[in-house]
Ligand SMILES: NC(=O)c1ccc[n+]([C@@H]2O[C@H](COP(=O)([O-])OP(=O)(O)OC[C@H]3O[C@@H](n4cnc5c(N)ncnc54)[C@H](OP(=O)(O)O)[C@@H]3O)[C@@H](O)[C@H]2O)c1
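Before any questions on how it binds or moves, here is one chain, the form predicted alone, in structure tokens.
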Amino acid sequence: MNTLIISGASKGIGLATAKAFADTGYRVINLSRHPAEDDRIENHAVDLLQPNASDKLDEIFKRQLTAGPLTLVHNAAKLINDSIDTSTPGDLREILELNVVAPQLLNSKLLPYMHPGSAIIYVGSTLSEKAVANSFSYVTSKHAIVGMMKATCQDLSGKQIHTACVCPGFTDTEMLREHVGHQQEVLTDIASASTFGRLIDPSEIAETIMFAARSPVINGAVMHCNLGQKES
């Protein structure tokens, strides 16, 4: 049975991705603080920011995994409202720990289990290659994820493990709604920046992640999934 290991699948893009893989017969293992509400998903409560995360992951993987083709999706991330003149070193450090350091923790733990045919998919953002105001730490971290993906491609050359970075545009998730204070007029304004005039559904990103995971030919690629953004 094919196996997906995904971080942060309790809601949003992560949950949609976990369900999409489960629909096609994958065994799905979710690593997050909260469980995914789907009986097909194996939930393991892990806070990737805690000092005991490394030992906990060792215990989970030793008990749950055997070596073979695996798909790893780095989805867990945090977004805060900050700017270069308000962000503190502590704010930036916390965002980088979850959005950048945690993916490498998972890489280091899971690569020994990965046989040829495995995939490592990073979930970036439209903000991986551009920026908007008041998202300083998040923008910084998502730019870093693109660099990590490209380094992954080069370092795993010859191992037949491929990687890609799927960069969603503005997607209708709890994280986005919380970021804008659940203001519908702001969401409508954001949606209008797309050539389709709407927000992306999480299931659309899930389908793209699955395509990336199954397509070694896109190794090292950044895939922007944003419905076409209007250029100002």
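Start at 1 with the first residue shown and count on from there. Quantities reported herein were computed from a predicted structural model and do not represent experimental measurements.
From this point on, the text means the form predicted in complex with the ligand, which you will not see here.
Enquirer: Is the gap between residue 144 and the ligand in the model of the complex 4.5 Å or less for some heavy atom pair?
Expert: No, residue 144 sits far enough from the ligand in the model of the complex that none of its heavy atoms falls within 4.5 Å.
Enquirer: Residue-level question: is residue 180 within 4.5 Å of the ligand in the model of the complex, judged on heavy atoms?
Expert: Close contact is absent here: in the model of the complex, residue 180 is far from the ligand, nothing within 4.5 Å, heavy atoms only.
Enquirer: Residue 103 near the ligand in the model of the complex, any heavy atom under 4.5 Å?
Expert: No - in the model of the complex, heavy atoms of residue 103 and the ligand never come within 4.5 Å of each other.
Enquirer: Mark residue 214 yes when one of its heavy atoms lies within 4.5 Å of a heavy atom of the ligand in the model of the complex, and no otherwise.
Expert: Residue 214 lies outside the contact set for the ligand.
Enquirer: Would you check whether the ligand, in the model of the complex, lies within 4.5 angstroms of a non-hydrogen atom from each of 5, 28 and 70?
Expert: Result no, not one residue of the spot touches the ligand.
Enquirer: Please tell me which of 206, 193, 46, 60 lies within 4.5 Å of the ligand in the model of the complex, judged by heavy atoms.
Expert: It is 46.
Enquirer: Of 148, 156, 98, 114, which residue is found within 4.5 angstroms of the ligand in the model of the complex when only non-hydrogen atoms are counted?
Expert: Contact check passes for 98.
Enquirer: Relative to the ligand in the model of the complex, which residues of 173-205 have a heavy atom no more than 4.5 Å away?
Expert: Residues within 4.5 Å: 173, 174, 175, 176.
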